[in-house]
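So this one's two forms of a single chain, laid out as structure tokens and tagged structure 1 and structure 2.
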Structure 1
Amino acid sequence: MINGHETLLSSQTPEMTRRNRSASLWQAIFFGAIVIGIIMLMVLLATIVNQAFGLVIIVDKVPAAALSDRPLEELSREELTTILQNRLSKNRFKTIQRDHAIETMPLSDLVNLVIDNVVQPQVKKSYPLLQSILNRSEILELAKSDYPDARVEFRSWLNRRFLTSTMSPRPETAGVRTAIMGSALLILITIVVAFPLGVGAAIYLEEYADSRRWINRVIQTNIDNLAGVPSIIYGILGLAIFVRALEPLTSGAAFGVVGQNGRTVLSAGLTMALLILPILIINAQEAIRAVPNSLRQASYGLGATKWQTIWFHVLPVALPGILTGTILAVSRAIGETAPLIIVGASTLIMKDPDGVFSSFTALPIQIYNWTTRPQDTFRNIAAAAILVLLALLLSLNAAAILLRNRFSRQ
């Protein structure tokens, strides 16, 4: 009898062994799915880092040594200017004089100007990080045999120059400053438009709307549905409404701006605002719903009106949650690409945006554009731009998490 119980409770019966074995197998499979996800995330990041750094074989069109017997960095402003004047055609030099203040610009920028226009270094070949480390000697060898007068150097494609220069058709000199500023302006417009509208709608739905009225149910259902509409559809909407139908307004023609069409950063910002509006509303609704009802009752009990109650008691408590939700919605907007393509972000644009009516480019647009070019070097700067974008998103999300933590501690 005692024996019988022992076998019954033991995990050693053939039946239990089989069940346990299959149980742990399946547990491993379930866990494996998550591991695959994590591995993919790492591979993705590794791929990008791999492309953003590595050895490059550079051939200068005019070696710096042919310009002066001292390194360019040690030359004076006059000497550098003379080099420009001597080595460039008259027209080209004039153009440069017009675009840059040669007399006053920092000396390091002038050196860069000389390098870009006279030395004209060309990346003949570029290697990803992993290859650069593992096959370093072969690469050096190959450089020597195929490009006798080439330099081989290790390059971080993500560098100060990349962050501070404008777009350029040549990957060696292209940078993301214009794109970063475009993205910043775009997001600013998006927030200015979407935040009040989104929070307003959330307040309406949570505090005012009687959910038994059909109009309010329609609004709520509609918002839930809009949240699932693909972003490219918003792009088409933006193209039809903001770029085309409202062109006089969005191009600035109605405000005296000439020579611009509707494909402005304003159109893009408005499109993006509509795109994130449903998510923002849903997030803000959740934050408002989390405010305890007892607070509202206390306020009404003192003879406060609805708006006094909302403004003085509901919103201050809901604010951290609303901000967190907004940040999350905005970080979606920063990475969105498809709608920008449709409303017509320009890809090759050197001029920083100087107002809401300017043409613009944005970080994700640059990434897309560079990714689709066949040359390796464009892949490299695309990877560098992705790193910039991810850093931006990471800091935004960190801000959201900080806010959330402060919120939950209260």
Structure 2
Amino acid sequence: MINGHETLLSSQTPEMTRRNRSASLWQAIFFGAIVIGIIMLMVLLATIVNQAFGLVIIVDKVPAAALSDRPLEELSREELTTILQNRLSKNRFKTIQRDHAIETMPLSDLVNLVIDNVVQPQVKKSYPLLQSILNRSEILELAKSDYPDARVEFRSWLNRRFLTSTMSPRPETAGVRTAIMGSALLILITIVVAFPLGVGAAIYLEEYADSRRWINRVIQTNIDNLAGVPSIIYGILGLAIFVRALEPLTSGAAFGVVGQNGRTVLSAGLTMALLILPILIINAQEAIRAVPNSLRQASYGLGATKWQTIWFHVLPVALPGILTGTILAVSRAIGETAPLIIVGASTLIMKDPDGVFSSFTALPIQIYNWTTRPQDTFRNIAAAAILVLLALLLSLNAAAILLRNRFSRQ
């Protein structure tokens, strides 16, 4: 008996060796794919960071020291307003008063207004981080010879001022506060609209709809196909429906809001909700389908109704999977640009959104706009804006993952 067993093992050894060798080869291939992916992501991140920091050569049209014996940040609102009045023409000062509401705007914005219109710092040349470290002496010599009145400083384009300032046509004073607020409001509208609709549709298709009926099969097929439709098509759909057909609602005219058209943050949020809705439905269906059928049967056996079974037993078990799909869908929505361009996002807007009927911009729009400019400084602030967008995306994902893990433990 022992000899027979040894004979069987010896006859299987070559086959087992071949299978083990094949398994090791595929394991190495999969591991290599992961390593290549991580390396590419690290290279991408290093390129962005390299562009967001570095030395700059700056020349002020009017030195800040010539305006006051104190730093501009320490001056009062009246002193800053006086500087604008004395240094600008009457027509220019009236235009600024009308567009920016000097009397009520934050003091930090007023300081930036003085810097932008009076001091007018201009970055003559900027250098990426790696070149700034390796060739610092050559850069300093170049600044002394070509720009004798300039100052050379190490600039982090991603700083507090960049996060708290509004848009500006000049990269030296541009910020992303308006874009951050626009993106946050846009994603809030998207989640509020898409999440309940997506989960509700998934519940109907999985728990109530009869898959043998042709109408339900047609609905399911169309949802699967819509998940692969290019985002620009949703932008065209949003333009036709929300911006034009439903303009009285999306502009706020039906609620007494005047002076706006349909190109508002509400139209953009509804468009993005349509964009991620098929993804949410499909992921929610998969999560609900993964709930063991024995759980439903046990609930029915205890006398629960169908809705009680779904609400108290199926949904709590499926919720972690539903939130995972929501994370993926929202991540896609945050980075979309094409639908927002078609719906009417602004590339230069000084006013923060104050509601769902406001004009708006978003971080992807600003990044796209700045990367198309020829000046190096616009690429610097584009890299800083990319880092802000990544931070916003990771923060939202982290919050959703924590929420998902909490439901998983429960």
Partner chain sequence: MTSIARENLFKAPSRMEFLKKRFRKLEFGIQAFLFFCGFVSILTTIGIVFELGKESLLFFQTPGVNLVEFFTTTTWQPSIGQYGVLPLVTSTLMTSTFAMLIALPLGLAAAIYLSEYADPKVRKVLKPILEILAGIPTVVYGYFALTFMTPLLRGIFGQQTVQIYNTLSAGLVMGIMILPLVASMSEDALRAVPRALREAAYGVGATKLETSIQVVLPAALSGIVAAFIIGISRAVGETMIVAVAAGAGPKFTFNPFEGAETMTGYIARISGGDLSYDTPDYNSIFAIGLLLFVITLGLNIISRTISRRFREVYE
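From a predicted model like this one, the values you see are computed outputs, not experimental measurements. Just so we're on the same page, rigid core means the largest C-alpha set that superposes within 1.5 Å between forms. Structure 1's sequence is the ruler for residue numbers, which start at 1.
*Asks:* Return 1 or 2 according to which structure is the form predicted on its own.
*Replies:* Structure 2, which is the form predicted on its own, differs in this respect from structure 1.
*Asks:* Taking the rigid core as the reference frame, tell me whether I187 has a CA displacement of 2 angstroms or more between structures 1 and 2.
*Replies:* No, shifts by less than 2 Å.
*Asks:* Using a superposition on the rigid core, decide whether the Cα position of S126 changes by 2 angstroms or more between structures 1 and 2.
*Replies:* Stays below the 2 Å threshold, so no.
*Asks:* Note yes or no: does the Cα of L295 move by 2 Å or more between structures 1 and 2 after the core is superposed?
*Replies:* No.
*Asks:* After superposing on the rigid core, how much does the Cα of S108 shift between structures 1 and 2, in Å?
*Replies:* Comparing the two forms, S108 shifts 6.8 Å at C-alpha.
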